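Encoded as structure tokens, the following chain is the form predicted alone, with no partner shown.
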């Protein structure tokens, strides 16, 4: 399998990389903002290529990203859009720069990555967008997460739209709305909170879903949550 994990340097994304890399028949591309974290990943696996990528600056970086993908893959079987940015601030206090960074990282960037990679998808390819229960319609909402939740709702809606556009090509697009997982991002947003699920456990679920979920689902927004803030 040719797999791209967009945002794989920490938390669930890093665990995904580890799990996929254990199968030597898989080849992986992993993106992330943090060069040091990317380099530590590449040191451990032979079937992995790293690409430093900041989704808040994707338009400028996209030609290099495309060139590096082309040097490693001629097709993409699985794309997982894991990258995320959460800033916990009241709506009235968040700056325009912060709001744009959240939307670029959680929505516009992943959407642009899908557009860039569209020629690489084939019949049977599976795109998985990672949303949040905060962006799941009808789920509990939390103070300070207005832009984050809105950005995750946007990527969920995009999933439904792209599934319709891509289905004639045999490309599946699904979205997982993740609940509370004990990641660095959750710890930063909710100091002292202890989530009921560990990153490795969620990564194991996402790995299995990425490999087989498109046999049963397309265009679906699936809640994956024991609990959520």
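Just so we're clear, the structure is a prediction, and the values are computed from it rather than from any experiment. Positions refer to the first chain, counted from 1.
Unshown form predicted together with a small molecule; subsequent notes refer to it.
By the 4.5 Å heavy atom rule, the three marked residues 2, 124 and 213 all fail to count as contacting the small molecule in the model of the complex. The small molecule is not drawn, but in the model of the complex it has a heavy atom within 4.5 Å of residue 9.
Residue contact with the small molecule in the model of the complex: residue 185 places a heavy atom within 4.5 Å of it. For the chain shown alone, residue 113 is not a contact residue for the small molecule in the model of the complex, no non-hydrogen atom being within 4.5 angstroms. Taking the partner from the other structure, the small molecule in the model of the complex has no heavy atom within 4.5 Å of any heavy atom of residue 162. Of the residues 181, 203, 171, 69, just one reaches the small molecule in the model of the complex with a heavy atom at 4.5 Å or closer; this is 181. The partner is absent here, but in the model of the complex a heavy atom of 83, alone among 83, 78, 117, 145, sits within 4.5 Å of the small molecule.
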